[in-house]
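This document starts with one chain, in the form predicted alone, laid out as structure tokens.
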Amino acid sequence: MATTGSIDVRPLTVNIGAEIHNIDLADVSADQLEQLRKAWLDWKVLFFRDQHITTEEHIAFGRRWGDLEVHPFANSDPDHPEIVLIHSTAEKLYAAHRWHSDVTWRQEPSMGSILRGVIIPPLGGDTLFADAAAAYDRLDDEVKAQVDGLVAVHDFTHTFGSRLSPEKLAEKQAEYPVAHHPVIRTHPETGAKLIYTNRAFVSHIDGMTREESLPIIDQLERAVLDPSVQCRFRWEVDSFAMWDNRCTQHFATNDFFPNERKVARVTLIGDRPY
């Protein structure tokens, strides 16, 4: 049955994360969608429990927010290319266990992602989320003056290049050339300034060597690593997490191996950072 009326927003911390109740993701009214939009901007990542919906309904909910991307490197559902499958087994550990924002190597990185728990291990496998705006706010003024105005080079090669043959790598590097994004990004809807570097995809800072860049990248990463700007989500089957990729970073713990873990994601196409 469709839910009606106001959604129930239950924040997890003062900075980031809220569980949403009184909602059916398969049948969200226009009014509820607007409530979700406000909650998403307020809390950066939203969590939903017990959403027993189909893959098609997962995709349809994602399209309520915008166009969906097809990831050129990740494993996808063969019947639904919009669905990225992150599947870890006893034979191969697969978890995004580095702090990052999704696809920052694109010229127009994603606006957000909607991830579903499909197979959840009995222990471990949580996902942590960090508020990159709160992390920036806590930087010393001297550090802010140092990093404001810098531009970072984002490249998929470090993370995905090893999966490709030399010929395929060259082809993909031509198709997806390095992207130049501000080290400190402005959120296009809230106006907040936030840290927009990550080890997964940033190779260096424009005008610096990698060796010169690393102390700055490390310092900004340490700000994101502060637990006081984070929340943590314990997955269940048919739980969903929806995060604003423009102002958050996330990290999937790999503390469940060799148990199986499978999650499925749709990703919302975004715009160019500034």
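Worth saying up front: this structure is predicted, and the values here are computed from it rather than measured. Note that residue numbering begins at 1 and tracks the sequence as displayed.
There is another form of the same protein, the form predicted in complex with a small molecule; it is not shown, and what comes next is about it.
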**Prompt:** Going by a heavy atom distance of 4.5 Å, is residue 110 a contact of the small molecule in the model of the complex?
**Reply:** no
**Message:** With the partner left out here, check for me: in the model of the complex, does some heavy atom of residue 88 sit within 4.5 Å of the small molecule?
**Reply:** no
**Prompt:** With a 4.5 Å heavy atom cut-off, would you call residue 102 a contact of the small molecule in the model of the complex?
**Reply:** yes
**Asked** Does the small molecule get within 4.5 angstroms of any non-hydrogen atom of residue 198 in the model of the complex?
**Response** no
**Request:** Answer with one of 48, 235, 43, 61: the residue that has a non-hydrogen atom within 4.5 Å of the small molecule in the model of the complex.
**Result:** 235
**the small molecule: the contacting residue among 16, 25, 263, 20 in the model of the complex [heavy atom, 4.5 Å]** = 263
**Message:** Within 4.5 Å, heavy atoms only, one stretch in 34 to 42, 223 to 231, 245 to 253, 204 to 212 touches the small molecule in the model of the complex. Which?
**Reply:** 245 to 253
**Request:** Tell me whether 96, 115 and 127, taken together, all sit within 4.5 Å of the small molecule in the model of the complex, counting heavy atoms only.
**Result:** yes
